[in-house]
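Quick setup: one chain, the form predicted on its own, written in structure tokens, and binding and motion questions come after.
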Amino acid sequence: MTSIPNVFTQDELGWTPWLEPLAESELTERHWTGLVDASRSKSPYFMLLAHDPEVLEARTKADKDIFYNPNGGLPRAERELSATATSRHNGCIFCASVHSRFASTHSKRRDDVQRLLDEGIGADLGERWNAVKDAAVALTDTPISFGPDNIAKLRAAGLDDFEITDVISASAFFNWANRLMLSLGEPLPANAA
């Protein structure tokens, strides 16, 4: 029996769905369009979402615009920090592993990212990263606790309105993504996927 990872890590993890994903042999042109990137056919998560290809396509295009758009706004590292803080707060070990690796890669602040995973949302990451992390957590709280105090803290840390919008977009997207991932399956050790 494979043990389910129960510690937040930057290591690569696998993920297994509880519902049957599509097989690559079942994909039609409509499904390939929905995947956006053909390489996603190797992912059980995306092959599960491919049951509804139009929703998957919309989801993937929103994801790419929020995280990969190079036209101003928040640096990629801090978009990934938002996703990591959201995932850490929601308890999504798989998503936290993926986006903490991206945050470390793009920021070169691996130790700070690991501190967030190890210590949780109370970790001290410095003024700017604390403002981003705290905003992500406030957006993740149920009921939401995000408000003018978070905006003031982000502005005081040097973020402009476009960057603040990116914090909100990345965190909001990952609140949805975490809940979807946590509802559809569970993480596995990388070698068990």
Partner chain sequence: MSSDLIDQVLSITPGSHLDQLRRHREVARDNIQKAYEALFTPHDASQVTALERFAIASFVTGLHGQIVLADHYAQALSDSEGGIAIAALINDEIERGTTEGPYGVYLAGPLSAENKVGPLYSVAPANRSHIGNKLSAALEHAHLLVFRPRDASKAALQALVDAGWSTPAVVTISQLVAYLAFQVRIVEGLSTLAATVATTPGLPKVTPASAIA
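Residue numbers count along the first chain shown, from 1. Predicted model only: the values in this text are computed from it and were never measured.
Although it is not shown, the form predicted in complex with its partner chain is what the next lines describe.
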_4.5 Å heavy atom contact, Ile164 and its partner chain in the predicted bound form_ = yes
*4.5 Å heavy atom contact, His51 and its partner chain in the predicted bound form*: yes
*asked:* If we define contact as a non-hydrogen atom of the residue within 4.5 angstroms of the partner, is Ile93 a contact of its partner chain in the predicted bound form?
replied: yes
*Please check if Arg59 has a heavy atom lying within 4.5 Å of any heavy atom of its partner chain in the predicted bound form.*
yes
*Would its partner chain be touched by all three of Leu19, Asp65 and Ile151 in the predicted bound form, meaning a heavy atom each within 4.5 Å?*
yes
*Which one, Arg155, Arg40, Arg128, His31, lies within 4.5 Å of its partner chain in the predicted bound form by heavy atoms?*
Arg155
*Enumerate the residues of 121-149 that have a non-hydrogen atom within 4.5 Å of its partner chain in the predicted bound form, in sequence order, or give none.*
Leu139, Thr140, Asp141, Thr142, Pro143, Ile144, Phe146, Gly147, Pro148
